[in-house]
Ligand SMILES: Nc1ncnc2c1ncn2[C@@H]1O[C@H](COP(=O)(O)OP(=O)(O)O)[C@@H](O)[C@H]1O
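Quick setup: one chain, the form predicted on its own, written in structure tokens, and binding and motion questions come after.
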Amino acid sequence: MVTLKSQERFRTDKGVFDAHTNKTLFDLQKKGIFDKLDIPLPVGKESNVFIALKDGKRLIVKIYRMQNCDFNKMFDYIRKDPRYEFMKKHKRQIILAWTQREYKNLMRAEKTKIKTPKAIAWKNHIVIEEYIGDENPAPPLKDKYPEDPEKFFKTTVNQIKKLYKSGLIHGDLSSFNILNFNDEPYFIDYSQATLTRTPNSMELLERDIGNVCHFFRKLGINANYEETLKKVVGKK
């Protein structure tokens, strides 16, 4: 049984390995999704992330915390998404829907052929996805600047455009959740991603583009916000 070993090695004060989480992890392991949890990664705002192993290959296991997440923030985001208009303000249901939503968004992003982790499995408050990196996880852009910032910026904008054309907006894009792997941008963390028909979708897109342009201007790139927005949405 993998979870006992994982609890002993990685027990935290965040209430991660409660009975519900243990059962969900066991169910996923029983289905052959992964063999064991291996290494904890830095704790996120709403989740704990681990590297897992499957036949010696690394995966990412993201466990949303049921007890101390920012439930009100989650509800504020998800209630605007047309896919979840039916949701009521019930903490457990919102967290489970939030996790499902991230999995669906990952699958949708993957179909656009942008560089992003492959969605592998989802159950309750746990998402399992492809590991990006080599011996070490790929670092976020904020920790590893690209060797060719102009090319990296253009690729990033093109990926935002592909998502937009597919009907999806990341909604939380920044140098924190764009990984730099082999000098290529990989988008991660799709929990706040939403459809372009969501009422506040343009506001989220504008924020994504603003964050990206601001970062690359610091690297000396002529990242004009208005021009970049036009490239993404296709307006002249």
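Predicted model, so just to flag it, every value in this text is computed and none were measured. A residue's number is simply how far along the shown sequence it sits, counting from 1.
Not pictured, yet referred to below: the form predicted in complex with the named molecule.
- Selected contact from L53, L41, L195, M202, since only one has a non-hydrogen atom within 4.5 angstroms of the named molecule in the model of the complex: Only one option qualifies, and that one is L41.
- Item | Contact assignment for the named molecule in the model of the complex, among Q29, S47, N180, N211, heavy atom within 4.5 Å | Filtering the options by heavy-atom distance leaves S47.
- Task: From the candidate stretches 107-115, 144-152, 128-136, 157-165, select the single one in contact with the named molecule in the model of the complex, where contact means a heavy atom within 4.5 Å.
- Result: It is the stretch 128-136.
- Task: Run the contact test on I60, P140 and D189 with a 4.5 Å heavy atom cut-off to the named molecule in the model of the complex and return yes or no.
- Result: Every listed residue reaches the named molecule in the model of the complex, so yes.
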